[in-house]
Every structure is written in structure tokens, then in C-alpha cells.
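Before any questions on binding or motion, here is one chain by itself as C-alpha cells, the form predicted on its own.
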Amino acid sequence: MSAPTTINIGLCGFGTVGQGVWKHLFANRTELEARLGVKLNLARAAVRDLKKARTVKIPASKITSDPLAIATDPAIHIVCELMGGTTLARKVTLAALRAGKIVVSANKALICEHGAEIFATAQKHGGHFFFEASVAGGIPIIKAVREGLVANRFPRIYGILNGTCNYILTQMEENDAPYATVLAEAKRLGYAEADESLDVDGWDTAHKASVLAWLAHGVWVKTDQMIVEGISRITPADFKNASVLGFGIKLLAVITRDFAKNELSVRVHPTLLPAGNVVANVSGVFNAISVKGDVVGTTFYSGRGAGQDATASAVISDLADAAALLRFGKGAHLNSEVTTDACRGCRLAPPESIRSRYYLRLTVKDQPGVLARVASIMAKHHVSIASVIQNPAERAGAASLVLTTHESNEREMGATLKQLTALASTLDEPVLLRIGDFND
């Protein structure tokens, strides 16, 4: 069968990202077509509400309310799945792949939950799946790990993968403002959703971490197999304490592989980073990712991680690769899975293998002997105290104890935290943050 000279593209989902893709493809189509040597035709778009007014105007003849009709239309070469969610999006993606089409997706939740099925379906039916926009928006991290750094194994990948959380933490630090106040402002500005939980509780970052872990190590790690913690319990006092200790605070995804033990760890949590760390200095809605390869050393990527233009940029990049694949057969390697040899025998690291230093904030009764009891519990679990900061608490008769530890592990810290929470002199649930000693 001869290669097509005109590539027909169907968009399933025409919200913020879908409209951005349509807008920028039309604006830059002439130059893109000249580079690719092929015509790009935006053939159809599926929308949820046919009557809804949209900023980007498209002919009524090109609009449908049935995304499955686009997925199965034999005239459509590339299907862009931009709907979000994991139910209808899964049906559309699998239908298009079963028809041997190329699917371009920005849906990290879909990939996290159904990635194995998606790639198996693509392989079985000769389809292809491109997903650059699913992680870190406009930052080309997927291509970097999969292509540019293909000679490497990856002992560690970590970074900021959620712009909403990074904006909130930046504003809290810079303006000494409480979480609730900054969250309300983030919603007003459109940086946070009406239901912010997916972002601030760490789940959006966890979905993206799952995709990166598969790319780097060939292992699908579900969110219930990770440590996933959010930012809602961080206070301005934590930023002040961190600053005294020489740190900032960021919500990070951390993916580590111990190749000697063949153990993989994927976790999402607020982390204290040294003030000189390059990721620690990325502020606002920006994302940043540090990738350590065993051949190249450490490389760093930063840019806008969300929003219409950044995500559309990544989707259009995938569309260009998909068009080149259809026209010239280039880029077929993009669909290949990580070889099984790369992950043979790899297991998820048990809690005792996940090691870190820790920051612990306790609100306790302001009375003699409390620190001694805390220290005794920590010693019982072989957790060594490195430093102590004592501050007055907001309530009468209470004190804030901030302790940092020498290196310990998740099992010992979990047991310590449980016993400290049950202590009669502990007034609030303790706040535990990890310290990122990444030495990049």
C-alpha cells in the first residue's frame, strides 16, 4: 500500500487542549507541511456538546458528538485522544489501535491505568501510540528518555511534574501565605481546578511518574504501589524551618533503580531540596525534571508543564512524528516497548530499601520531658536525630518541635511516626517530609 500524501487527523475531545492543537496546526500548517513533505488535514473533531460556544471556530460539517466514529473512520489516519478520563477514552483508543491507526494522547491517567493493554493492542494490530504530551506538557521528556538517552540506564529520575502544586508552594514561600489562601487564588487565576484533589494530593504527579517509570525501566507501577503524598498539610512555618536548614520545598516524583539489587522505587511526596539544587529554584507553574543516566550523567529539562499552548506543542510534535511514520516509515521504533531484558527480575523496592533523611514537625504539649520521650521512640526504631528546632506553636500550652534525621528508611520511619502519633503529648498528626540529597 502506498504511503498517503495527505494525512487526515481526527480530534476526540475539543476542550482547552483540543482547541489549542487545532489553532496552532492551522497557524503553522504551511511550515509543518513543508518540513514533513505531506499535507495535514484536520478532518473532524468530536465534542461533548454540539451547541457549546468555543473560542476556536471550526466548520459545523467537521464536528461530531461521537468520538468512536472518528476512531473507526477508515479515512482518518491519526486519532488525537484529548478527552481525559479513562472510560470512553480507553474505548476510543483501543478502537483506533485495533483499526491499525496511530493514536496521539495527552492522557496520563489512561496510560497509567491501561498502558499495558494499550501497547499490547497497538503491537497486535499494527497501530502506534504516541504520548509526549502526557508528561510535563511542552517539555520533550518522553523523546529525551526514549530516544536521546537510549544508551543509558537510569539510576534516578526526579522532578516537578505538576505546575499547580509548584505554583501553590512558590506563593506560600514567597508571600508567607497559608495553603488555603493560595489555593483559592490559584483557582481564581485558573491554575487550579474547582476540585483540586487530583493535583494537590499528588495523584496527577503519580500518573506521570508511572509513565516515566515504564519508559525508563519497562515496569508498570500502579499508584497503589507508590508512596503518594500531597501538599495540603504544609504550612508557611515549614518553609521558614526549611530555609533555616538551607532547603526549599517542592512536590517531587522520584523514580530510583538500584541495579545491584534490581529494585525499583516510584514515589511522590513533598521534598526538602538544598537551596542550590537546580530543581529547587524552578518556581511558579513551571515543571522541571532531572534525569541521571549511567552513561551521560545528569541532564535537566524545564519548561511549562501545562496549559493550552505547552500541551498543544507536545501533541503537535507527536502528530509530526506520526505523519513522518505514515509517509516515510520513520519513527517506528517509537512504538516498541522497553525490552524485557531491561527489567527482567526487577521488583518494587520494599520499604526498608527506600532510604532518606527526614524532616519531622511535631506539635506537642509544652512541658518538660517531651523531647526526651520523642527521642526515645526514635532511638527505639534506630532513627538518629540530626538537628532540633523548637518554636512556639500558635495555640497556648503547645510547642512546635522540628527534627531532622540522619539517613533512615521508610519502614523504620513509618513505625516511628505511628508511635509518635499515639503519644499522649502529641497534639496534632505529625508532618513528615523527605530530604532530597540527590547530589546533582
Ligand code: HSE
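In this text, residue numbers run from 1 along the sequence as written. Treat the numbers as computed from the prediction; the structure is a model and nothing was measured. C-alpha atoms forming the largest set that superposes within 1.5 Å between two forms make up the rigid core.
Below, we turn to the form predicted in complex with the ligand, even though it does not appear here.
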{"query": "Options 193 to 201, 261 to 269, 170 to 178, 209 to 217; stretch whose heavy atom lies within 4.5 Å of the ligand in the model of the complex", "finding": "193 to 201"}
{"query": "Heavy atom within 4.5 Å of the ligand in the model of the complex - the one residue of Val254, Ala306, Ile76, Leu94 that qualifies", "finding": "Ala306"}
{"query": "Proximity to the ligand in the model of the complex, single hit among Ser313, Asn277, Ser290, Thr164 (heavy atom within 4.5 Å)", "finding": "Thr164"}
{"query": "Close approach of Lys108 to the ligand in the model of the complex, 4.5 Å, heavy atom", "finding": "yes"}
{"query": "Sequence-ordered list of residues in 56 to 79 near the ligand in the model of the complex, where near means a heavy atom within 4.5 Å", "finding": "none"}
{"query": "Cα displacement of Leu94 between the shown form and the other one reaching 2 Å, rigid core superposed", "finding": "no"}
{"query": "Exceeds or equals 2 Å, Cα of Ala306 between the shown form and the other one, core fit", "finding": "no"}
{"query": "Did Leu183 shift 2 Å or more between the shown form and the other one, C-alpha, core superposed", "finding": "yes"}
